[in-house]
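The chain below stands alone and is given as structure tokens, in the form predicted alone.
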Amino acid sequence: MSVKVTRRKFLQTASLAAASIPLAKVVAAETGFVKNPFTPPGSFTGTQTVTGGVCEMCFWRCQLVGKVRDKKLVKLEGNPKSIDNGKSICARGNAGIKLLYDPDRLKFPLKNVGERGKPVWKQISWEEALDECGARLKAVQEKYGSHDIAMFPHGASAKYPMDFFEKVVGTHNVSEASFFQCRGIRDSAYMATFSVPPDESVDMANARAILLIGCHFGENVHVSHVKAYLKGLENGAKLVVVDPRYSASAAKSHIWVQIKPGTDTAFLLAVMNYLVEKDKYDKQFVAAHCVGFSQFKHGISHASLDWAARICDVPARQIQEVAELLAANAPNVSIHPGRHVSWYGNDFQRVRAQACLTAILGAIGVKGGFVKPKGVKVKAISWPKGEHGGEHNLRLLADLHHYSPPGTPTELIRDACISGKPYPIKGCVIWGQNPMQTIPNQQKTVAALKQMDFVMCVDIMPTDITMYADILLPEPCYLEKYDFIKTGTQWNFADKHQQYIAPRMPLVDAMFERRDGVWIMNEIAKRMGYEDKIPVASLEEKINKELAAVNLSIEQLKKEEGIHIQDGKDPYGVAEDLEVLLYSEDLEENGYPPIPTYIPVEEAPQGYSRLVYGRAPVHTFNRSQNNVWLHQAMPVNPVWLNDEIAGKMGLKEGDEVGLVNSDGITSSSRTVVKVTPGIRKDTVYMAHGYGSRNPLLTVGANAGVDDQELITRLAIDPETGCNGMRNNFVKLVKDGKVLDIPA
């Protein structure tokens, strides 16, 4: 179906035929293709540079400037004043223009007059939309209680609404994908080990050695982070990459450990045991800061090189080589904490092992090691906290997941939705998150949503989850609004330490009837009876109040080209009272292993391979799949298949295939085969975020395969309650025939 026809169908379905805006003007205004008759073609006459942009094509949030002509954004560039990304932005950042002017973007409030999952959209006024949202959420609250509303937020614009539901309404049932399906395990494991959340706090630019466990640098393209990584390599750092796939990082490595998926903890235990046995650890740091070393030493003593080699399916001599390399370059070693670490359901133990390895190498607070930058603090203005107890907290009621990230584990929420126990959950607010592609077992998400009394979605694009909304509200994108104050430091490229403050400011005005999250949430709060709790009248006021705490304002930042830079602080050194819990009594008291422990994962059934996924350099998971520029660069997500296995299966490069998993779920769409020696024989890989099924996405729908459609087998990390995301096994389907994958 062509873009034009599909788009007309959307406009008709949304009742735009009844709107007063002529269709031709709608198209012109949205795409930015209105031509000024007084501007010669190709001319830059009248182009204005607008500062203050902060990207949101991914969460790294590079600072931007926009080139604006005739009130239209025509180009994005990195802000040359930035001490973070500088003039550099990635392909996704450049393509932000195509998000801004995407004709498929949500434009008006919509009401579903069909059924959830098969919506029939009717355009309604903001007044009607807000009245219905307020009344129906209030009805759920009065009938069942405040705890019977769940929220799934994501992104900067969701923070203010999330705080409203948590603090004012009083629901604990908030689940952010960034925590429970991404980095929450990492944060919790590091906090449980040395009480410091990790972020990406590794000084790779000054490292002598870098260890990456499944990190896809060069494919995630977080600009300033990749710059630090490359600077370290340019300075001669030795790179070790542990990954079943020959990733962009592995291509730059000195040692590539082609590990069997799910066995990384065994590898790390063997490295640590070797260092301890050979007295190659930092005795001085361990004596000064580590708790429980003797128990730790005894607890990992079984992890010989041969033991790990059998489990990990890698040579024992290679594990020894890695250990020797780390020891030779300690303490200036960057052991990266990772970002998306929710893999197999045994992940807390793996990440805690990474933290413990960092400690016994003494790689904390030193150049090239784990270093927590001392950034500037800008306190957020938010809703006042009400008097809400923990009696309805699902995690506390279940007495599970005692090291959970903030919020409530997703599975506890979905289980309560479906079973009604320990109480029903009948209202749902989804703000900027696409749970269909962030949470495994999509059928369970659908079951949870279909039993709701009311579902409200706020988004920029018609993602898969919006098909299950009763009311769908449109937000401006990051280029059209004030929102979020990015702060940070520059400390690892030069001797001068600096800090920056960069609030997001609009580069162009918002179009159509899009409204920002503060305005939307305030209006709903009024209708729910909480008008007296509203902390700010507008998003601009919120940003100004937050900036006032550091003696700044929006007007001042405009004069400073969008970025305030001030002197920073030296981040190096270790606090005298730092304690690293190699052995944790607290973990033991809560029923978890007190030292990092290898927990085996299920083996692939005969004829299947484990499905793993990761990032693509030109896409940010699903959020960029409808972007025309990025789609043209990578229209599908090829499935990586080992070349020897492909030969046995009779498959060649570019063959079109679908996938079927071990639970009998077949992919709704197809992709192509990438034949390569750079993947283990027992593993297949694809980039995450493809295969959208909302027909209103005229570019991204059915392009490639949705890996999450195939992740149906749940594995929950015991300590955190986070989802394991790589626990399914697949076969390939070609020309309708299911093909076994040879062992």
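Predicted, not measured: the structure shown is a model, and the values here were computed from it. Quick note: we count residues from 1 along the sequence shown, nothing fancier.
We do not show the form predicted together with a small molecule, though everything after this point is about it.
Picking from 181-189, 291-299, 134-142, 587-595 the stretch near the small molecule in the predicted complex, with a 4.5 Å limit on heavy atoms, gives 181-189.
With the partner removed from view, the residue among 171, 193, 438, 349 that has a non-hydrogen atom within 4.5 Å of the small molecule in the predicted complex turns out to be 438.
Note on contacts: among 245, 414, 147, 107, the single residue with a heavy atom within 4.5 Å of the small molecule in the predicted complex is 245. The candidate site formed by 59, 214 and 458 is fully in contact with the small molecule in the predicted complex, as each residue has a non-hydrogen atom within 4.5 angstroms of it. Using a 4.5 angstroms threshold between heavy atoms, residue 711 counts as touching the small molecule in the predicted complex.
Taking the partner from the other structure, the small molecule in the predicted complex has a heavy atom within 4.5 Å of a heavy atom of residue 621. Using a 4.5 angstroms threshold between heavy atoms, residue 731 stays clear of the small molecule in the predicted complex. Although the partner is absent here, residue 259 sits close enough that one of its heavy atoms falls within 4.5 Å of the small molecule in the predicted complex.
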